[in-house]
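Single chain ahead, written as structure tokens, the form predicted alone.
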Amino acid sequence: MFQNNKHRIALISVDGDPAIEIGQEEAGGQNVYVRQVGYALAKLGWQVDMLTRRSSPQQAAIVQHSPNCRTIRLKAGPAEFIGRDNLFEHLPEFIQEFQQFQQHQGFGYSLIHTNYWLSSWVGMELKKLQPLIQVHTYHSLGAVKYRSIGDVPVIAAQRLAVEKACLETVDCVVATSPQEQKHMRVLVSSKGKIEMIPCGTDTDKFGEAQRSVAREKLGIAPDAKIVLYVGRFDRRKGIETLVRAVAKSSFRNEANFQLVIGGGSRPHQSDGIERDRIASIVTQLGLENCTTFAGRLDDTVLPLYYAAADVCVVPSHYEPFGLVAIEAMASKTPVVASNVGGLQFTVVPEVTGLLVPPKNEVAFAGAIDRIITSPTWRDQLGEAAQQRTEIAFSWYSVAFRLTQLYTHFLAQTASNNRPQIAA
């Protein structure tokens, strides 16, 4: 029998490795969320294990991030990249590996926080095998996603059923925005417990550099007009809309106007194919001279790009939250974003940036031009954006609220398990 440790928590993210390079295929906001929540919870005194699947033979089985925080990579299918839509059949192996890991370590987790629908299924199956509390974050809802794409995958029916069962049966689901919470209630189920706790950002890292200093370090002219995109190459991210909007901008023919597209890609993979498609559109529209594909932006340069930009554009077709938006806002850079999902919560129109209809290149062009035209207003928006992130979106505040949630359930469980004294 293993020993329970009420201060130990498992963050399960089967498909989103928190120790992997951000910007690789299917590596984005979920990976950042799990990593940063893990780091912050560890600083608050939790023993944090972040469990994911091994996707390469070269990957270390255990990555120790700090004395209280580590990434654990378990076997779930062959040690190679497998797209999310093809991972479900390998989840039973992950569960078996998870239990063997507990046995080997000599303890059992009393609380797990699962991330994305694949991990929610893992958690619900584990609950059948051992007593534990399950908290879940969706990161993306199939019920919303499948309304915005034409080629619905075969796994869709399975995913929708799992997401419904998750909301109705786990101890608590964490919504990252009021919009996501509403989608859960309207599109998934009226049953189940939901708490709204937003995502966070590193307000120190993204708030350090001034625009002039960042531009000097990056070799960008002081008077340049910079439009920035950061994220994966994925059709749902709306990069095509942004490129076509830039083609319609009144600034497109000015020598100092530049579109910077930041994000890594791999040849012959879906992200590499999308990058090539976007590059061909850039060529068709005659934007080669004003467009830079900056590649993957790691933590050493990403804050500089945010700070250097006049405006950061998030043209996604759907975002449950949108970490890029608050990273830019923390850097005093106003955001132009699609009026969808959690972006309606993070970006305050006319205060920290502008919201426009998704896939509307004319509206995006107009919003970008409005901000670039007025540097004074740009700076006012940037100041308000930074203040908003400092108040509402630090990782410490996210971890503190999650700690309150975890502690509540652990105390409740301890009370229920306390022996009753006969009258």
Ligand code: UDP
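On a predicted model such as this, the values are computed, not experimentally measured, just so you know. All residue numbers are counted from 1 along the displayed sequence.
Beyond the structure shown, there is the form predicted together with ligand UDP, which is absent from this document and is the topic of what follows.
Novice: How about G123 - does it come within 4.5 Å of ligand UDP in the model of the complex, if we only consider non-hydrogen atoms?
Specialist: No, G123 is distant from the partner.
Novice: Answer yes if any heavy atom of V32 is within 4.5 Å of a heavy atom of ligand UDP in the model of the complex; otherwise answer no.
Specialist: Flag for V32 set to yes.
Novice: Within a 4.5 Å heavy atom cut-off, is G353 in contact with ligand UDP in the model of the complex?
Specialist: Contact check for G353: no, nothing within 4.5 Å of ligand UDP in the model of the complex.
Novice: With a 4.5 Å heavy atom cut-off, would you call L297 a contact of ligand UDP in the model of the complex?
Specialist: Yes.
Novice: Among 124-132, 217-225, 285-293, 301-309, which stretch has residues with heavy atoms no more than 4.5 Å from ligand UDP in the model of the complex?
Specialist: Stretch with heavy atoms near the partner: 301-309.
Novice: Of G262, P315, G142, P334, which residue is found within 4.5 angstroms of ligand UDP in the model of the complex when only non-hydrogen atoms are counted?
Specialist: Selected option: G262.
Novice: Exactly one residue in R252, K164, R236, H90 has a non-hydrogen atom within 4.5 Å of ligand UDP in the model of the complex; which is it?
Specialist: Comparing distances to ligand UDP in the model of the complex, the residue within 4.5 Å is R236.
Novice: Could you list which residues of 198-237 come within 4.5 Å of ligand UDP in the model of the complex, counting heavy atoms only?
Specialist: Residues within 4.5 Å: V230, G231, R232, R236, K237.
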